[in-house]
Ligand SMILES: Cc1cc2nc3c(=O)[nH]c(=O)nc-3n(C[C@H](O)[C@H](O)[C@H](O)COP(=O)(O)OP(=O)(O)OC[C@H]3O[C@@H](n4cnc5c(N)ncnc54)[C@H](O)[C@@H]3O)c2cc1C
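This document starts with one chain, in the form predicted on its own, laid out as structure tokens.
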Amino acid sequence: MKLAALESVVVVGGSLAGVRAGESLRNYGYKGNLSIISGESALPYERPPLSKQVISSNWDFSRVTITNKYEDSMNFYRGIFARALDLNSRTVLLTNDRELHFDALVIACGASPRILNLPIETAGPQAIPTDMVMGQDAPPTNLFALRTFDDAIRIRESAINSSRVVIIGAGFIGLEISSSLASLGLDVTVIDPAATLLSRAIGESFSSYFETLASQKGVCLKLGRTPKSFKVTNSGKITQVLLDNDESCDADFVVYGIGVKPATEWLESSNISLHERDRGVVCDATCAVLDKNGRPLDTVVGCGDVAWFHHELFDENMRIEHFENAVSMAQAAAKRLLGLSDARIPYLDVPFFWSDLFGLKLQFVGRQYSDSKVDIVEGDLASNKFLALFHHQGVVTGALGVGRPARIVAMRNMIAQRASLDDAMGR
């Protein structure tokens, strides 16, 4: 179906990828009906500042809202989720029982936090462990996950009258929250089952470096440890987190970040292919969504956190949960949907993410693998300013920079060109 034949496009997902997909459709000339379904009632906003400036610097909602010059030409369904998809009738069923017809569909529904389920133990001489499941009648009142702006506000408000916090999960979200709360003067304890810090994201070569940074800021790391249960008062507040080695960590409140899962329950009964690992939407290299027989659907595309795709530069299937990918993949998906001249070119953007941790800005481009070799080619760890290159068989596949923003941009281009280590280093 060509651009001129499209009269109605529905975008499922009202966060960054969904809004940028809608904006891109308008930029590329689509003038028909455009509907965006957003589960949140608020205006679209950026999530990276939630774990950083919203908690540590009191940013208000106006500082994180996403600008959209085409907002007046889009129909927003806020506070409403997609319930089901029927590809035969080309309709999306919403949670308010309304059906939206589409000629083309953008799946940009993102991901939701994985729920932490732990036994709870009521304080007192007759304490009896019971199963606690988030979302039931009375979960602990001081246990938080971070996904929305309101979540960030609750964490910030909890910090005002607290002195001790336990963070469960030492990924980037957990560490960013830890960094923010430590900067506010709280005693922060971080628990994670991994024996080393950030090893999966940036490799074990730099784990001890970031562990030292955290310790220097007063963050207590409990690595290689798993939370076993919560000790909770009769009023429903966690006072301690009990670990698998029977150690206990005192807490005024607890925040957890144990990963996310694609929000695709509404697609389970459809003919959309969902990844066996996490039920993310499976796309081809051009962002076209695949059906259950592995065939690309020309009028259905996916983008952002929800989408698996084949990255031909790395010859790898991947799903990327980063800001930059949400924007660039949304643009590529819009082109693919509209059948523009370069729409069949594979989506080849080099993955890029950044993080503000313990007073430093970390940036990473590309990929690192368990068998990658790593060289620090500029600066050193002691100065907290360096550039490190990850390479495999002489080809640069990734770069880590602290205090090296311009060089990271250059390395991103080098990785896209499959540059050799010698070329990347200017030798």
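Start at 1 and count along the sequence shown; that's the residue number. Predicted, not measured: the structure shown is a model, and the values here were computed from it.
If you look for the form predicted in complex with the named molecule, you will not find it shown, but the lines that follow are about it.
Mapping the unseen interface onto this chain, Gly18 counts among the residues with a heavy atom inside 4.5 Å of the named molecule in the model of the complex.
By the criterion of a heavy atom within 4.5 Å, Gln363 is excluded from the residues contacting the named molecule in the model of the complex. Taking the partner from the other structure, the named molecule in the model of the complex has a heavy atom within 4.5 Å of a heavy atom of Leu50. Within this chain, Val12 lines the site of the named molecule in the model of the complex, having a heavy atom no more than 4.5 Å away. Put simply, of Ala104, Val166, Ile173, Leu85 only one has a heavy atom within 4.5 Å of the named molecule in the model of the complex, and it is Ile173. In terms of contact with the named molecule in the model of the complex, the residue from Tyr209, Phe144, Phe353, Phe76 that brings a heavy atom within 4.5 Å is Phe353. Checking 110 to 118, 250 to 258, 279 to 287, 186 to 194 against the named molecule in the model of the complex, the stretch whose residues place heavy atoms within 4.5 Å of it is 110 to 118. Residues of 26 to 49 placing a heavy atom within 4.5 Å of the named molecule in the model of the complex, in sequence order: Ile37, Ser38, Gly39, Glu40, Arg47, Pro48.
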